[in-house]
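Given as structure tokens, the chain that follows is alone and in the form predicted on its own.
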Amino acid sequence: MRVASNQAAPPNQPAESLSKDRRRSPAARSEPLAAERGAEPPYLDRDDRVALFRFMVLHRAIEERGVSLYKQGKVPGSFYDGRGQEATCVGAAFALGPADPVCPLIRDLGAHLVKGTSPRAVLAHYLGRPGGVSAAREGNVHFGDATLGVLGMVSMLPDMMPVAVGMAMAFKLRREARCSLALFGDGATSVGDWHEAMNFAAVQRVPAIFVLEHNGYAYSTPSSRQFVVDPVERAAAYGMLGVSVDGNDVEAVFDVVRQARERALAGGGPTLIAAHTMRMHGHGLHDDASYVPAEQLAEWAARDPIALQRARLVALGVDVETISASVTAEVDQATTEALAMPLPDPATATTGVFCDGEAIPMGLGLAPWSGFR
């Protein structure tokens, strides 16, 4: 799988320099992909490629249903979706083993699904029902199931990066063959916590993977107004490898994270991966994204991650329409079940908010990739 990266460079060498135009232009940045040249991608069999497609379709379908429910007044608070970014979180999580935890953010529903969170639990969470992931104790984007190795996010970005580094440090001290993965946006790289996490991870050579969802905007502020040097180049300053990848190519994202995981488990330390993608909607449904040039959205729409993977599967003779129909049916059923759940009892509002006694140990999630079977 071809990616725009400096994977052959040692950690103390600068990462690939990306101009502002190349950062925002998928056409200028992308090289011909192995699958588009007719070659079989390494490490992925046919079932893997179908699974990657289905997880992305499921991600989008659940969020589209969430938007619909929100507009009906059934989802409290605001609503945030990851349309256009499904390949980054799905591909990254697909490369993780069952004992590898992930710290997703607000556009990373696919990571939850890959690790085993059910559509029913997600939709019930959106609706504020007790059967949801957080048992109606958290807002609609702040959720995670630690029993599956998915750590729920907080809004102060990038606070989950130090959490991922702390877990990785524990794995190193206990000599466990595990790594942690944190996802974050380019705006988070301007906060001090990000730099502290990067420095500590590199100094201690912990088994951590940092995936930057480089969508070009921190809310409404474009990357060109945030920094002059692309964040992936900062990796060299901290002494770790920096890699750039087409974040809309789920197979390329999988492969680069797979390599980062192997390097981390072998003692090679952390990796910063810049996955170039695009947020196709506003920051949330309250944001119309009118500040994004229409031609920029059109350019990225032509590189829709689901459409790219669908084309690959069609070329292999896969019945993608049946897969999509099964996803629709699954989301319909999950929605029906979530809406049928009773609303939470106000008398239990403080129950389960604070930990009483010993915390529940972090559990194992699913690992769908054939390489873990």
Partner chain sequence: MAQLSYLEAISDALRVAMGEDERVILLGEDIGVHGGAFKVTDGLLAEFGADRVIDTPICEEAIVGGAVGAAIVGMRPVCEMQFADFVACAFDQIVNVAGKLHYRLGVAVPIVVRLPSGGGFSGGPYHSQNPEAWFLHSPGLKVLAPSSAEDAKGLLLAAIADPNPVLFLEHKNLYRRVRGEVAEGSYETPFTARTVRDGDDLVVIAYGAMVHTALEAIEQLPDASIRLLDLRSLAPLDEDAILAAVRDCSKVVVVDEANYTCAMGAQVSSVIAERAFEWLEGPIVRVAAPDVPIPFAPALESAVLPSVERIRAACDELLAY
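Residue numbers count along the first chain shown, from 1. It should be emphasised that the depicted structure is a prediction, and the values quoted were computed from it without experimental measurement.
There is another form of this protein, the form predicted together with the partner chain, and it is not shown here; the text below is about that form.
Spell out, yes or no, whether the shortest heavy atom distance between residue 286 and the partner chain in the model of the complex is within 4.5 Å.
No.
Original post:
Does any heavy atom of residue 144 come within 4.5 Å of a heavy atom of the partner chain in the model of the complex?
Top reply: Residue 144: yes, in contact with the partner chain in the model of the complex.
Self-check item: Interface membership of residue 196, the partner chain in the model of the complex, 4.5 Å heavy atom rule
Solution: Judged by the heavy-atom cut-off of 4.5 Å, residue 196 is in contact with the partner chain in the model of the complex.
Note to self: Quick check on residue 78: any heavy atom within 4.5 Å of the partner chain in the model of the complex?
What the structure shows: Result no; residue 78 lies far from the partner chain in the model of the complex.
Exercise for review: Using heavy atoms only and a 4.5 Å cut-off, determine which of 130, 98, 166, 116 is in contact with the partner chain in the model of the complex.
Suggested key: By the 4.5 Å heavy-atom cutoff, the listed residue in contact is 166.
Handout entry: The single option of 137, 83, 205, 74 touching the partner chain in the model of the complex, heavy atom within 4.5 Å
Key = It is 137.
Interface stretch in the model of the complex with the partner chain - options 344-352, 312-320, 61-69, 44-52, non-hydrogen atom within 4.5 Å: Heavy atoms within 4.5 Å of the partner chain in the model of the complex occur in 344-352.
**Request:** Determine the residues of 152-179 with a heavy atom within 4.5 Å of the partner chain in the model of the complex and present them in sequence order; the list may be empty.
**Result:** Counting only heavy atoms within 4.5 Å of the partner chain in the model of the complex, the contacting residues of 152-179 are 152, 153, 154, 156, 159, 160, 162, 163, 166, 167, 169, 170, 171, 173, 174, 175.
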